[in-house]
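First, one chain by itself in structure tokens, the form predicted on its own.
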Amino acid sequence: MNGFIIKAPGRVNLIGEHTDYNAGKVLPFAIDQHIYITVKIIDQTLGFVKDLKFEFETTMKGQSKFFWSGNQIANFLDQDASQSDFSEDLGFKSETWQAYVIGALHMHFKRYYKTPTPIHVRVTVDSSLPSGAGISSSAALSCGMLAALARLQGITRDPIELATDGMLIEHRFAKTNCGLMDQIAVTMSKRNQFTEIDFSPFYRGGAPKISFIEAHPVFSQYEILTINTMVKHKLSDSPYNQRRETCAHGLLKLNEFLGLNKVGLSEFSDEGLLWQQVGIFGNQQMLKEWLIKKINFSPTDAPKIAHAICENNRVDRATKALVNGDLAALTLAINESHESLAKDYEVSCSELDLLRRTIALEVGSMAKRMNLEVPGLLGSRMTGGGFGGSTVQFVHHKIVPSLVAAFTSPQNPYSSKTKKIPVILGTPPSSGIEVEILT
């Protein structure tokens, strides 16, 4: 074997935002834009970690080249990656691409320290994924590197275990306390299917429950577009980690008040005892009021806790709508999700909200001119962790060319206010990580 290319896709989450780390449900899918990791074997002689020589190069922004020897790898394997000075010791910053590469080296060789490896390897990283767009370029890079290292040693890895290692790279090296959704979508998605993941079993010590959902034929009239606001986000510097702390605190108080033992807020979504006390099943406004009055949550924290609970129901509704071909129900669930994320969980931004409104107005007027007999737009919502990034929406295929043309002009309503030209990607559901052998 002379080498290989790992194609690690980005992902878009249709619905179920900030529920993965709350033991809830999500509905992501991989896309046809990728991180490409080319591994060329310079010296096929097999050695152990101390003998290795890795050369890394990328066309992405940041440090373009760096080198790691086997001795360097061996020296840092015993270090604690959770320590704040760990990145300084290793000579990288958490926001740089090499943080994910070194993180993958750390996680992989912790497991496979004694497995023989070709002693001289050259790795090139290229990308068709925009960074900071909310489509998981970091999960693609970390999981792609883990897959490449396993392939290099001839190791077949359990995809859930590999995805979990990818999540830990985010925690320990990028300082983002994310959930596991992105990594599973990157590693396990299937073409033309949505990846429904229920994380409740995972937080109870088992494996996440994963199902693959095919949309009803009526949705073939539509294209899934992901539209980048061109506002970049970096979750480790945003309030993302604070949201997790708020949810953890809310879980403790709710369990204590109701005498339950839930492992995440999203598990309360179907809890009869909770909704009996609130009054109406699934009513997010009433739930917020009850959390404030009965459990003394602050007016700041209560809406965030309510979002984590009620978003789980919206995933169920959206999944049923996809299977049954219910355009109106899917639209409602998607729009409600964004409103909750913007107003209650507070992870949207002015540009995301403006882009949604602009899309709705543009598509609405185009659909009217074309005399479409079905809706031109099936909802629009932010996708990803938030604080910038992209929106996701179903747009009727007859409207897509006109919409793309409208947004390429700086005179469109979004660009005239923000001075940013959004980038539109066609993002049909695609496959997870794939391997191409070099000859």
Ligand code: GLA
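None of the values given here were measured: they were computed from a predicted structure. So that there is no doubt, residue numbering starts at 1 and follows the sequence shown.
As for the form predicted together with the named molecule, it is not shown, yet the points below apply to it.
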item: Partner proximity in the predicted complex: M145 to the named molecule, non-hydrogen atom cutoff 4.5 Å; value: no
item: Non-hydrogen atom contact G179 with the named molecule in the predicted complex at 4.5 angstroms; value: yes
item: The named molecule contact in the predicted complex: Y112, any heavy atom under 4.5 Å; value: no
item: Contact label in the predicted complex: G385 to the named molecule, heavy atom within 4.5 Å; value: yes
item: One stretch from 248-256, 181-189, 68-76, 271-279 that, in the predicted complex, holds residues within 4.5 Å of the named molecule by heavy atom; value: 181-189
item: Heavy atom within 4.5 Å of the named molecule in the predicted complex - residue from W290, F202, Y240, F219; value: Y240
item: All of R11, H18 and Y21 within 4.5 Å of the named molecule in the predicted complex, heavy atom check; value: yes
